[in-house]
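Take a look at this single chain, the form predicted on its own, given in structure tokens.
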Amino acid sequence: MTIKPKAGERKRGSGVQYVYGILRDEILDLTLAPGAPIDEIRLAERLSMSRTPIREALVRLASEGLVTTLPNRSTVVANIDFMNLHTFFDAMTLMYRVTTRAAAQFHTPADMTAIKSRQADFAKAVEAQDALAMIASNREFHAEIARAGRNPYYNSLSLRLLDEGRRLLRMYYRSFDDRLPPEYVAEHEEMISAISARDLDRSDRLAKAHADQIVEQIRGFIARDHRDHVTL
């Protein structure tokens, strides 16, 4: 889908931010596939902009690992490293566990308010079947849990993994046709309950189970058999 800028839209904000937002959404939604080239000239024509803000937006996207600049100075959407996906899943599962457990131990009332607010955003996005909003609100939900754990090292690594996993999460939601089953929304609620009760072991178990079902669903989606079994 081609997005056309509205008249006066860029006057209210940064041209760089405008380009960044469009490209980021298209990359996360897999409209721009991994490895797809990004033609600055055609993009400038499409958005009726100069190439300067486009280049600055690409630098920002590169810093987030969403695009890659090749030796010939062309830019492509960053590939997903499927060969080493197990290492990402290992790290993601560990971070879900340690941050949720730490949040159960160290959270404050203000932390719980923030976590519940992010969960409300997530539930609203799920109800609307808005995949990009689901990705964004899920990231903020787990980021608030990590912040509540009061460990800056875990928090930093958790944010990196959450950001790197956004396209995988898009596959996860796509595997449900963006109709996420209610029980998976309820998993967040169960985690909130365990954190609020300062039940460290239950928080750990729920976080692991939450990660495990995401991993299995993504693996199943990637390996799904799409062959056309034709009788010859």
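Start at 1 with the first residue shown and count on from there. Just so we're clear, the structure is a prediction, and the values are computed from it rather than from any experiment. Rigid core (definition): largest C-alpha set, two forms, superposition within 1.5 Å.
As for the form predicted in complex with the DNA, it is not shown, yet the points below apply to it.
Annotated contact segment (heavy atom within 4.5 Å of the DNA in the predicted complex): 42-50, selected among 192-200, 160-168, 23-31, 42-50. In the predicted complex, no heavy atom of residue 117 sits within 4.5 Å of the DNA. In the predicted complex, the DNA lies farther than 4.5 Å from every heavy atom of residue 86. In the predicted complex, the DNA lies farther than 4.5 Å from every heavy atom of residue 213. Within 4.5 Å of any heavy atom of the DNA in the predicted complex lies no heavy atom of residue 105. Not one of 137, 188 and 205 is positioned with any heavy atom within 4.5 Å of the DNA in the predicted complex.
With a cut-off of 2 Å and the rigid core superposed, residue 74 has a Cα displacement that reaches or exceeds the cut-off between the shown form and the other one. In the predicted complex, the CA atoms of residue 133 and residue 40 sit farther apart than in the displayed form, by at least 3 angstroms. The pair residue 134 and residue 58 is looser in the predicted complex: their Cα-Cα distance rises by no less than 3 Å compared with this form.
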